[in-house]
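The chain that follows stands alone, in the form predicted alone, written as structure tokens.
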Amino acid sequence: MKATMADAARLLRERDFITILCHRKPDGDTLGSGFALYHALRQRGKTCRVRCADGFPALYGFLADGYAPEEFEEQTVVAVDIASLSLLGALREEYEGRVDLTVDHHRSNECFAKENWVDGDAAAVAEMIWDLARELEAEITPQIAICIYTGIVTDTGCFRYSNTTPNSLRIAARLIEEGLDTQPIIRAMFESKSPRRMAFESQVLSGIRYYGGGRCAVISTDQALQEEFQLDDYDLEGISALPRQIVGVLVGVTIRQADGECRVSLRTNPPVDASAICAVFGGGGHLRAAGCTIPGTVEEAERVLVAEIERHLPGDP
């Protein structure tokens, strides 16, 4: 059933022994939201923990600073920034049918929990957690502030993406007014690239392909290339945004092949809806940023994907 912030706060006041789930291949919003909620609930005397199928990558280690998970028999399960059960990854089997509350901002949310608070107007789930923490009368401590700010800047591209709202900026301003030093977060998230990453980026961009009269740009990589440059998934943060930055491109596509399938990231400019394209292939996401998985080779995935994208391009180039 659909829920409101008041419903979410009521449930969390009444419950204890709470597990907070973040999505697989976690980003700054799911982890920032998860740990901000964790600290807010701990202030209320709740026993809780944060879980993610893929753990907490080093890039976001500062969000889990000092975290020591407790073992307990959970009574309540909360999912943050998770639009579908598939995003639970290896935890799906354990938690399918057991999620009590979802807090999410994806309009494509499948409402798989018993109560589902979904706000498609929020730029990041961290904005919703900001409201929820204050509804729970939690103090916005420095650690909560770091978590919330990280979630917001992750999903707004440091306030560059079109999903940025006045509320995004108001919350960020409040956090800065309260003394948050944003520069370490900005440097870690947006201004740090290893020499290996720069060399990889140069090689990938040298093979860019254009379609639809230059309005669609595609880059691709495979597992062998990542291994050659000794990169993991988190070294590749931001790669998906590169094709969309080209003048005249409405749809930027990044295809990453691994284990017999292709993971696709779409970034679009108006008027193209990224989530509508990805939904055709069983994926989803946001208006300007979405993803899906297509079985087969890069060439096969690119062919069917471009055919679908060209159906969504407006008029003639």
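The term rigid core refers to the most C-alpha atoms you can superpose between the two forms while keeping them within 1.5 Å. These numbers were taken from a predicted model, which means no experiment stands behind them. Heads up: residue numbers just count along the shown sequence, starting at 1.
Beyond what is shown, the protein has a form predicted in complex with a further copy of the same chain; the following relates to that form.
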| property | result |
| --- | --- |
| Three-residue site Glu177, Arg187 and Ser194 fully in contact with a further copy of the same chain in the model of the complex at 4.5 Å by heavy atom | yes |
| Stretch in contact, per heavy atom within 4.5 angstroms of a further copy of the same chain in the model of the complex, of 178-186, 132-140, 87-95, 100-108 | 178-186 |
| Non-hydrogen atom contact Gln75 with a further copy of the same chain in the model of the complex at 4.5 angstroms | no |
| Exercise: Arg170 in contact with a further copy of the same chain in the model of the complex, heavy atom 4.5 Å | yes |
| Interface membership of Trp117, a further copy of the same chain in the model of the complex, 4.5 Å heavy atom rule | no |
| Heavy atom of Tyr234 within 4.5 Å of a further copy of the same chain in the model of the complex | no |
| Residues within 4.5 Å of a further copy of the same chain in the model of the complex, restricted to 197-217 and counted by heavy atom | Met198, Ser202, Leu205, Ser206, Tyr210 |
| Rigid core superposed: Asn269 CA moves 2 Å or more between the shown form and the other one | yes |
| Rigid-core frame, C-alpha of Gly89, shift of 2 angstroms or more between the shown form and the other one | no |
